[in-house]
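Starting off, we have a lone chain in the form predicted alone, written out as structure tokens.
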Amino acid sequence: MTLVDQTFAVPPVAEDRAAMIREYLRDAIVDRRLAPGTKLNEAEVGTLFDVSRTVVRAALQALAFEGLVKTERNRGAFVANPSPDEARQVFASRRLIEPGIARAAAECVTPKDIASFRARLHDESRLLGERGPSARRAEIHASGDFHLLLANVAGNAILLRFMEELVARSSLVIALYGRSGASSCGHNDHANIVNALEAGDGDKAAQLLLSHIDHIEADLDLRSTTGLALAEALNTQD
């Protein structure tokens, strides 16, 4: 079944279709199938998904709010192309927010939460043994999911929404500039953070998280990249 075929299963409600298109475009951007700077033509996207330009525009506006798409007057929408300064700002923001999230999570983490973290770590270990573009993209997603789970455990819905945006932006930066994506070093960092959470040591978890963010940023080489054409990117399955 092709991507366009799949759209017919979506309920014919504009908001639902806009959300679905947002998710497809978001994945293609974060997965680096759509390169930074790629123009997201409303008519072309509408044709691919069999929806109106109004629905496409709503999806693009949602992505612009996340910082994954930039709109330019009289030119249209483009995949965001984060500069080195913007990349640094993303990680500076994470350094300000995530230690507090770690401390809050350590105060209320449950055995069930720890089991969920361990399951994430198991998935990361499996992905580290795989090779190829799809495996690398999956590693980046798995790493981001770990941080979103941490924010969810902390129990602050506002911070969780902030983290959803920061993780999305981080994934774009890592996919664009990272030398190795989600590295084994990052996986070990995650395991150490979980151990600190399980011990109820919020300060240690916060410090480990800061070191982890340092490791991620140190892996950036700030080189440019290229991606696929819009139609090809949105129909790529791996």
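Please read all numbers here as calculations on a predicted model, not as lab measurements. For every residue, the number given is its place in the sequence shown, counted from 1.
In what follows, reference is made to the form predicted together with the DNA, a form of this protein that is not presented.
The listed set Ser211, Ser52, Gln61, Asn188 contains one residue whose heavy atoms approach the DNA in the model of the complex to within 4.5 Å, identified as Ser52. Though the DNA is absent from this view, in the model of the complex it lies within 4.5 Å of a heavy atom of just one residue from Lys204, Lys70, Arg26, Arg57, which is Arg57. In plain terms, the part of the chain that comes close to the DNA in the model of the complex, with a heavy atom within 4.5 Å, is 44-52 out of 44-52, 189-197, 27-35, 166-174. At the 4.5 Å threshold, heavy atoms of Lys112 stay clear of the DNA in the model of the complex, well away from it. Among residues of the shown chain, Lys39 is one whose heavy atoms approach the DNA to within 4.5 Å in the model of the complex. Taking the partner from elsewhere, Arg75 is found to have a heavy atom lying within 4.5 Å of the DNA in the model of the complex. Using a 4.5 angstroms limit between non-hydrogen atoms, Arg22 is distant from the DNA in the model of the complex.
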